[in-house]
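Just one chain is shown here, as structure tokens, and it is the form predicted on its own.
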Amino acid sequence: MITQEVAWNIITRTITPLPVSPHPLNRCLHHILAEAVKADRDVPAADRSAMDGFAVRGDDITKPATELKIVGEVPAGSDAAPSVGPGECVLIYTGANLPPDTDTIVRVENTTPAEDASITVIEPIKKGADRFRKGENASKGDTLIPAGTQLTPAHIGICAQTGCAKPVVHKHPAISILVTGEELKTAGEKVELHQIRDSNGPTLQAMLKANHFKANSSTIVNDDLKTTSTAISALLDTSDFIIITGGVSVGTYDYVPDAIKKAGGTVKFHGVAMQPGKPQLFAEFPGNKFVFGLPGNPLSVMTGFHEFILPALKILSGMPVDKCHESLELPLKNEANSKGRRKYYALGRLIQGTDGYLIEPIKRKGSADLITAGKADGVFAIPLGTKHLDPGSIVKFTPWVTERRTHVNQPSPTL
């Protein structure tokens, strides 16, 4: 049985990113950028007005009650470039290019109309006021979005602004979920006392969606070697990545390891010194395709997903390895205990303390206790060999709720 760190190293050495291709902007959100986006021209491309007002020569308005003659108008989007001499100004609108020889904008509210198409500037205005300078945001050729960035709505806007209509991004993996168990029924089916409803499939689908991935299918199969192997082979025809829950332990009906081998896969590891989730399995198939096997207990599924599957999907999607595994380093509110034999993932809740956020440990009733998991924001790790952590101890907390990652503090690498 290997450590979690060794398992992660095996994953990073095995998985390579999917191919890249240009994608239209409306299909790029949350994809990983494969080629940097650079400025095709200065941003802004010219000196521009930040307000509706009057473009003036700054040296003309150093004294109050200065009168200026209006000699033209420049709407936004106009290529007009009227000449402005001493004692003159031009009516201008937000976003319009400043005429030659002007360097300052006087807002409309800082003027009063005067006779003969003139204005009076009420008070002195600082030279250069309310002007966007050419290239103040970026110069032509500057890298605006580096390769390896996961594109946000703001990034999409930057691409559009700089003429990058089809950014080159990594493909998102096609994902399938396979849930094993004779006892399983769907949420809408009637269950007998010896049966349970499948929670792992819907939970995995929801966790994938919360992290900008999508499962193409979620299928329940019986605990049978041929059935499981056939299902894996069929899903590999349309999937880059299969998540299997159940059937990965050492019981009589745990057929997943043999089913993977029968389908042509190579098991890279099976068994990790962690709790919950010891029987974690990772397998490789030809063609850069992968299968992860998770124990059937819900907390094992949720922990394994965030510790291995989600980071692996990020690698496959082109994200740099050092950005794939996130955690928050925060102090414990109360003590936490472990038997120390394996790396222990304890449920925790984020709470606001007097000096910032704390992690409040939540006791669970075994790895099948999904009800208690619903009260948690994620898990924190108690290292292998550690049996006790005092209040105030700094722990690495993995949030299960996406929003928690950005609203507490900056994430730091777990490994």
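All residue numbers are counted from 1 along the displayed sequence. From a predicted model like this one, the values you see are computed outputs, not experimental measurements.
Note that the form predicted in complex with a small molecule isn't included here; everything after this is about it.
When contacts are judged by a 4.5 Å heavy atom cut-off, Lys262 does not count as touching the small molecule in the model of the complex. In the model of the complex, the small molecule sits within 4.5 Å of a heavy atom of Gly247.
Although the partner is absent here, Ile119 sits far enough away that none of its heavy atoms falls within 4.5 Å of the small molecule in the model of the complex. Heavy atoms of Asp240 never reach within 4.5 Å of the small molecule in the model of the complex, leaving it off the interface. A heavy atom within 4.5 Å of the small molecule in the model of the complex is found for one listed residue only; from Ala129, Ile158, Leu310, Ile196, this is Ile196.
Residue-level contacts in the model of the complex: of Pro99, Pro173, Pro295, Pro167, one residue has a heavy atom within 4.5 Å of the small molecule, and it is Pro295. Here the chain stands by itself, but in the model of the complex one stretch of 176-184, 142-150, 83-91, 262-270, 176-184, has heavy atoms within 4.5 Å of the small molecule.
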